[in-house]
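Below you will find one chain, with nothing else, as structure tokens; this is the form predicted alone, and questions on how it binds or moves follow later.
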Amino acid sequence: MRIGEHLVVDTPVLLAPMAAVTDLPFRTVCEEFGVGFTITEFLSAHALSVGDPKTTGKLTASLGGRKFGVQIFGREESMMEDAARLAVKIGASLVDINMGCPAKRVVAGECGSALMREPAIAQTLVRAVVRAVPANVPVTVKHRAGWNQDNLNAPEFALALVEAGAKMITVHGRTRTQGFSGKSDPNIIKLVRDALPSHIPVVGNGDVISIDDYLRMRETTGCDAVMIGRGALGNPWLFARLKEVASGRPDPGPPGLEERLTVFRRHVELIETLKGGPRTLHEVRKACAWYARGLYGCNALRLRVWETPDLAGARALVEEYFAQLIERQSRLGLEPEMRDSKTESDGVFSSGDDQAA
């Protein structure tokens, strides 16, 4: 997929920018598993412009010279320009403008998905960011299907943004009023693809958590690539599998328990090395929940990890948890993803009764 004249994405799978999720450790793990492109957490242009340390600390370049994007949000031209220049300064290959966030605090500031009700202002912001960056750095936009079901203006909105200089459009198939509930509508993504010139890539986003979802999104919408958000939590293997499938090779399948544990260790190592500080334990707790998700006893593990007061204790719980699962799988011949949803909360730790499964 070519974005503008200079940026080429080999694997048509992108990691969605997610607040408090797509930090540098998370992005690095996904990059190591073959995701086509990553984008930072969405960052306030105002906060970047005034030098807020908490926000500027999240403005991080990918490791090893890998290409990456920075997503910004706002509605003041000068601050959007400042933020875009900062993104270019740290080496961003593209600058993405968020016009899809449904969060109340963002919408209350007339940013994010609120801009879908103001296409003229949205165009002005795109033009401002295009002016602020070099010609070889494409400006892209991510937006939703519309404000609500009565205002599904994604095709017209996307056309206006492309007219203003946007080089790629990502469409999340829900409206602002849906938030993250209900179903993402692939039909609106298809309408955007049909409306835009063929040289402008359209990326489909929403409800892609499996290989079948990816294939269905590509076939149904005709989109040029797929962006994955929540489906990547504790599941970087999805990108490795999609890379193979997108290249016409067989799906290598899901990971085993040992590989899950190995990648959890790698993720924790990155958190400790690249972030550190007082929130390290909090970030590790989140990773514990992600990598155990869907396995027998995951809820019990999550609760115990959240009660653990130190990093060493949290890591020890996860090591013990996986050791018990590996032993149990070997003894009973169970598949790694199998669990009994009715007894999941009893878990490996609380009952110790393998018969419960």
Ligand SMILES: Cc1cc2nc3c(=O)[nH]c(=O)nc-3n(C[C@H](O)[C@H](O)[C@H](O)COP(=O)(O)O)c2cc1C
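Worth saying up front: this structure is predicted, and the values here are computed from it rather than measured. Position 1 is the first residue in the sequence shown; the rest follow in order.
Another form exists, predicted in complex with this ligand; not displayed. Remarks below refer to it.
- Query: Pick from Asn235, Gln71, Ser113, Ser93: which residue has any heavy atom within 4.5 angstroms of this ligand in the predicted bound form?
  - Reply: Selected option: Gln71.
- Message: To verify the annotation, which of these, Lys142, Arg176, Arg241, His267, has a non-hydrogen atom within 4.5 Å of this ligand in the predicted bound form?
- Response: Here the answer is residue option Lys142.
- Run the contact test on Leu257, Gly297 and Phe322 with a 4.5 Å heavy atom cut-off to this ligand in the predicted bound form and return yes or no. No, because Leu257, Gly297 and Phe322 lack any heavy atom that approaches this ligand to within 4.5 Å in the predicted bound form.
- Thinking of this ligand in the predicted bound form, which stretch from 23-31, 59-67, 37-45, 310-318 has heavy atoms inside 4.5 Å of it? Answer to the contact question: 37-45.
- Item | Contact label in the predicted bound form: Ala16 to this ligand, heavy atom within 4.5 Å | Judged by the heavy-atom cut-off of 4.5 Å, Ala16 is in contact with this ligand in the predicted bound form.
- Query: How about Asp213: is it within 4.5 Å of this ligand in the predicted bound form, going by heavy atoms?
  - Reply: Because no heavy atom of Asp213 falls inside 4.5 Å of this ligand in the predicted bound form, the answer is no.
- Item | Contact flag, Arg131 vs this ligand in the predicted bound form, heavy atom cut 4.5 Å | Judged by the heavy-atom cut-off of 4.5 Å, Arg131 is well away from this ligand in the predicted bound form.
- Message: How about Glu283 - does it come within 4.5 Å of this ligand in the predicted bound form, if we only consider non-hydrogen atoms?
- Response: Glu283 lies outside the contact set for this ligand.
- this ligand in the predicted bound form - contacting residues of 221-235, heavy atom within 4.5 Å: Result: Met227, Ile228, Gly229, Arg230.
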